[in-house]
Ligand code: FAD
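Only one chain is included here, represented as structure tokens and corresponding to the form predicted alone.
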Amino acid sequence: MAHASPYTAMDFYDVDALLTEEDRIVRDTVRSFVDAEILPDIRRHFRDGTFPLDLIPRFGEMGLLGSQLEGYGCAGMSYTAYGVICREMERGDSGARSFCSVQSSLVMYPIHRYGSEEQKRKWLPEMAAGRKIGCFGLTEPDFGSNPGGMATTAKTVKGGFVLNGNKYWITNASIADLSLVWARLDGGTIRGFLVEKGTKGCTPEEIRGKYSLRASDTSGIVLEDCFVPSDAILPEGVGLKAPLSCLDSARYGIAWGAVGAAQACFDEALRYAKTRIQFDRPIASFQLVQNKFAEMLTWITSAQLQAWRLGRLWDEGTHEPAHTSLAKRHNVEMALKVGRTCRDILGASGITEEYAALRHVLNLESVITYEGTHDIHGLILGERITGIPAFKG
């Protein structure tokens, strides 16, 4: 007999039966945590534009930070388990998943893969425990989809390097203890530099007025003659391929996370439709509403299968970046369609903070843009299909 998911309506093909027992334990643990500690207060944080900092040590205690990494205090889980974590966290809010994604895939992963032994020992155990927070400084005001055009510079000087430039749209920047800044070294190759909090010439600038990802810290980083010592450079992270590999890992988590956002919206709208009475009947009894649920169930099921298969490819070591692009692109677009459809089912109530659908939609408007826009991933797939790059000069 197939394993019965706690969310049967949202797991129509019982895709979670394909998970290992360990993966299902992770799912149940994180799902309970989200229900108990994220959902009760996330509306207030979204309204106030604040991140629930008190949860960070709990993330560490549960092994959610750098969960896919081996050693140095990391949990050493499978990539599929990491995906499940992202799915359940984004069921709460994209801001919670974004924090874990940045910490795990964009800071801990490059230190683990490209860092020196000293850098690994200094930072990874502290970050895995949630005692230190990291951010990833790649995007610039004029270079988002084209990171190869990077204008931030690093100049070799006696005893280290001097960094100058600006980074923008950086999650966790104003709360980070460590900024991983990518810069063009001596006018040539792109390299990664570990810049500790309080370093003179490195100043975070919070981005205000966001409609999206309000329960997430988003800032810029200004670098003005910022000196870092010679041991701050990632010794193995050479060229643009290094930060792009980090983005590939982050996109993987997004592909799973989007499924969680869609499931949250679906579950909420289904409960509402069964109890909302119009014309002496619950609106769930009307053909138009039932057809919307049928469409959404189809979209979600397709995305679940893509996320699961992608997880297996990562665990087997046979994935390629285009695989991740396909799932990130499809699943976020799917989640946006589900969220908007659910908002429609909720009617006027759907624009209030009492319901989560519009909050998820607003968040997903950022998610469909960051870590590669929807169109850029289309071009990545186009090149993979045809062998012809359409987005390079």
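Residue numbers here begin at 1 and follow the sequence given. Everything numeric in this text was worked out from a predicted model, so none of it was measured.
The same protein also exists as the form predicted in complex with flavin-adenine dinucleotide (FAD); that form is not shown, yet it is the one meant from here on.
Contact between Leu379 and flavin-adenine dinucleotide (FAD) in the predicted bound form is found at the 4.5 Å heavy atom cutoff. Of the heavy atoms in Phe136, some are within 4.5 Å of flavin-adenine dinucleotide (FAD) in the predicted bound form. Contact check for Ser145: a non-hydrogen atom falls within 4.5 Å of flavin-adenine dinucleotide (FAD) in the predicted bound form.
Using a 4.5 angstroms limit between non-hydrogen atoms, Ser366 touches flavin-adenine dinucleotide (FAD) in the predicted bound form. A single residue from the set Trp169, Phe293, Trp299, Tyr72 has any heavy atom within 4.5 angstroms of flavin-adenine dinucleotide (FAD) in the predicted bound form; that residue is Trp169. Taking Leu213, Leu163, Ala264, Ala81 one by one, only a single residue has any non-hydrogen atom within 4.5 Å of flavin-adenine dinucleotide (FAD) in the predicted bound form, and it is Leu213. Stretch-level contact analysis of 274 to 282, 304 to 312, 194 to 202, 170 to 178 against flavin-adenine dinucleotide (FAD) in the predicted bound form, using heavy atoms and a 4.5 Å limit, identifies 170 to 178.
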